[in-house]
Structure formats: C-alpha cells, structure tokens
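Single chain ahead, written as structure tokens, the form predicted on its own.
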C-alpha cells in the first residue's frame, strides 16, 4: 500500500491501543511507551534485514526512539511502508518497554516524496538523528532534503574503498548548512570513533612529555583506511608542525571490523613512543623510551560505535578540526 504519514501514525496508534488492553495496573504488567528521539536510518536494499534489525532493536533498548528505516531500492517506482512496535522487558520487571518502528522502501527517484513523508513522521519536539549507513548514500542529492530536518547526522567511512571520495563526502556534509554556513546538525563519523582508543593512549603517554616533531603511521591494506586518515589529522591538529610519514605495512586488507592501523611511532627531543597492534586484534604493545607495556583495545562493532556516539552530547570540536586538515596520503 502506498505510504501516507497519517495512515502510518494511525496504524501505530491502533497497535498501542491493542497493547494497552493487556495492561494490569495492579500487577504492574503491560507496556510503557518510550521515545527520546527519532532515528532515521538510510540503508541499502541489500543490507541484511536480520543483522540490521537486530542491531537497531538492541540500540533501541539503550536509546528509545521512533526508528525509521529508509531502504534505497533503485528499481522501485513507488514508496511503500509498514509499521510495528518493538518491545523488551528489563530484567526484574514485569512491564514491557516499547518503541516504534517504521520501514520505508523507495526508489531514488522517490526520495523527494520520502522527505515529505519523514517530515510527518518525526516525533515533535525531540531530536532527529539521521544515520547514513553507507558512505555512497551520502552522495545522493535526493537525501539532502532529509538532512535539513536532522539535529545529528552520522556516517561510517570505516570500510570505504576510496578514502578520497569518502573524505569528500564527509566534508560536504560538514559544509551543507543553510546559505553556505556550517550545518545545523552535529556531524559524526563512526570511523573517528574507532581511533578514540589510540587518541586516549597517546594522550595519556604524552601528557607530561615534550611535543613530538615527527612520526609515522602504518596500516594493513594497500590504501589508507579512514581511521588512519583521521589519526594522522588529529596528531597534526594537536601538534602543529609535526611531520608524519604514512605508508602501508601489509598489502593484505583484513576482514571487516578488524583494526587496520598497525603501528604509530612518535619521536622528538625527549620523546620516543611506539604503539604496535600486529594483528589488528585487542592486544597492543606500547614502547615508551625503551620500556614496554601492554594495552587492550576491545573489539568495536557497528552497534557499539553507534551507541557510544548517541551517548555523546554537544559538538565534537576535535573532530571538526581534524576534518579540516585530513589528507589521504
């Protein structure tokens, strides 16, 4: 059935009324309607529905929302949608907590219609988070009207094959505010979240040390990964004038969600720091002035990074500064 905002909201209201009939106030059972934001997810038609659905259902328990999944289906010639309610029962409680779920299927030619539909589906007076799951979707001009209603835009360039176009796409989102001004939304890239552990480790080691004057970053895979690109940019924004050599140490690209940064070396007068992550796994060797210690970098998957990002309030000035000076080789 063709999508209509009023009809979809009516379907949700009917679902809530049906769930409300099962409530027993004396026993404390029934459902609690929870919503702290509207989460719009731009996904591809080929995305595994079970994988994506499981991840978003888990995320909803941490950040209750009206979740709207927009699947880009190039060969569709009309917009279709369906609604449901996702419920979970916290440990030790009898009452279920529920959030709303809407799935929209549309061809790229119909995204103007989708933008109008989303405008009628967002929860009034609550933040709107727009997650572009694939960098390529960020190039679709049809998505621009959707961005205008967002308070936060999240992308993920972690597995981008072409870091040049990926960086261009992220920068375009950072410059697409009204009348050429900075955007009204808070921009985030989950690839930046992947280097948080590297930044924290280096910041701790260099807290009372002189500023390094030179360094190097090595990664696995022929082309530089976006996390390596961001780490280089962060170092150069924090230590102006530092010279950093960038190169691949292993032409074989590791599997998805396996870290690609292998070695970070920083040197200078009174500074000799080396972090090594030989396999991209959790174990990291830190060598400072000849003394060796061990660090653990837990595995970060897409769901973990997204949950962490949604838990951050306010703008990320370090990311914006790094984005300005980021280079791809």
Partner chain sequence: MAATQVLDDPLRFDRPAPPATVVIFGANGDLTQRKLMPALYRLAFERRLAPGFAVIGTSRTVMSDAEFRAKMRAGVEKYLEDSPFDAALWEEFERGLYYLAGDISGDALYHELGAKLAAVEAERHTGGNALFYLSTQPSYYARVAEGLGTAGLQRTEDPAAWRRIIVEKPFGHDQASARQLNASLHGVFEEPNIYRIDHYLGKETVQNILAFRFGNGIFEPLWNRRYVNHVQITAAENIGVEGRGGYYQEAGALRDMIQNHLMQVMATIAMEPPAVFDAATVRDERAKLLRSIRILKPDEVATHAVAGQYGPAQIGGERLAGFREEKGVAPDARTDTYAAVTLFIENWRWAGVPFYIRSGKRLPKRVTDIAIQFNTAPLSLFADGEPGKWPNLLVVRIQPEEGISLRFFSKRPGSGMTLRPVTMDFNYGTSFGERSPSAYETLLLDALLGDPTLYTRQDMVEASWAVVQPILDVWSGSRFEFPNYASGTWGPKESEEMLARRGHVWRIP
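Numbering follows the first chain given and starts at 1. As the structure is a computational prediction, the values presented were derived from the model and not from experiment.
There is another form of this protein, the form predicted in complex with its partner chain, and it is not shown here; the text below is about that form.
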Q: Counting non-hydrogen atoms within 4.5 angstroms of its partner chain in the predicted bound form, say which of 203, 258, 116, 123 makes the cut.
A: 203
Q | Listed residue (251, 74, 210, 112) with a non-hydrogen atom within 4.5 angstroms of its partner chain in the predicted bound form | A | 210
Q. Has each of 197, 234 and 289 got a heavy atom lying within 4.5 angstroms of its partner chain in the predicted bound form?
A. yes
Q) Do residue 43 and its partner chain share at least one heavy atom pair within 4.5 Å in the predicted bound form? A) no
**Q.** residue 192: touches its partner chain in the predicted bound form, heavy atom cutoff 4.5 angstroms
**A.** yes
**Q.** its partner chain contact in the predicted bound form: residue 105, any heavy atom under 4.5 Å
**A.** no
Q: Answer for residue 315 alone: is it within 4.5 Å of its partner chain in the predicted bound form, judged on heavy atom distances?
A: yes
Q | Within 4.5 Å of its partner chain in the predicted bound form: residues from 278-311 (heavy atom criterion) | A | 283, 288, 289, 291, 292, 293, 294, 295, 296, 297, 298, 309
